[in-house]
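One chain is shown next in structure tokens, namely the form predicted alone.
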Amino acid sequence: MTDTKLRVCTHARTYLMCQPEYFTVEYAINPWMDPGRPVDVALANQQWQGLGEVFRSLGHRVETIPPEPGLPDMVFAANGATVIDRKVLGAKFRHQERQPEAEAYLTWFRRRGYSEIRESAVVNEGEGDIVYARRAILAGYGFRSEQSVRDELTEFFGLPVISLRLVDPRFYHLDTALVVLDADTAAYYPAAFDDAGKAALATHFAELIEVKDEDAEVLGLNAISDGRNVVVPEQAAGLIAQLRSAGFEPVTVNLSELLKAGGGPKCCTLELR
């Protein structure tokens, strides 16, 4: 009999979220978005509130940023910035529809007393593509963020950066194709990466969980881990079983309405480190 590795939540997290009060799909900037497909805004709000309640039930703190009219994707807080050790690197969105979100998030951080704030000189979509992996930062590029953000990340945060090229447009942000589970473990969808990226991940992580097509295709990897508990879309049944077998505690949520814009639990959540 093989003992399951003990997974530990080392500390409570603080998460920033934005209510989907103005959420809709009125343009298409990723393959998931179809403006002709109806969105139930009331259900989106209900599902979003349920996600916040899950975080609180796990002992984490939730802060909120006010939504702004005309910014339907502002609910996807992960894209608003990158926050490590109270340093804030602002986002610089590729598509003009989302560009005003960057200043809205930076304004929130300024008002909350964050002093080390930088407006990025390089196109990057926050923690959608920039993933904190304890000993390093993983930086996705290929669809939304520029590879050249690497230098800015290294200089500002003082951590090594591993650049990862995304090759499947369905997985347009890194957080749709990979989730860091703890300092030594990640789950990922190999087909979303080029060979160099897969090799880099295998070098950095002692343990990699490979996710199958059917779980990746419901954005199962757009999940959040505190080191033990993994908040994951309930549709990703195979990944949920893999997490449990690896000693993690899956906590399922349903964000079906936000999935219509290509979003899931992680997209809705910016960790304030």
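The numbering used is simple: start at 1 and walk along the sequence shown. Owing to the predicted nature of the structure, the values given are computational and were not obtained by experimental measurement.
Quick note: we don't show the form predicted in complex with arginine, though the next part is all about it.
Candidate site formed by Ala91, Glu152 and Leu159: none of these residues places a non-hydrogen atom within 4.5 angstroms of arginine in the predicted complex. For the options Ala246, Met33, Ala237, Leu58, the one in contact with arginine in the predicted complex, meaning a heavy atom within 4.5 Å, is Met33. Scanning Ile209, Ile29, Leu51, Val39 against arginine in the predicted complex with a 4.5 Å heavy atom cut-off leaves one residue, Ile29.
For Gly262, a non-hydrogen atom is located within 4.5 Å of arginine in the predicted complex, even though that partner is not displayed. At a distance threshold of 4.5 angstroms between non-hydrogen atoms, Gly128 is in contact with arginine in the predicted complex. Shown alone here, Phe193 lies farther than 4.5 Å from arginine in the predicted complex, counting heavy atoms only. For the chain shown alone, Leu178 is not a contact residue for arginine in the predicted complex, no non-hydrogen atom being within 4.5 angstroms. Segments offered: 103 to 111, 131 to 139, 74 to 82, 198 to 206. Contacting arginine in the predicted complex at heavy atom distances within 4.5 Å is 74 to 82.
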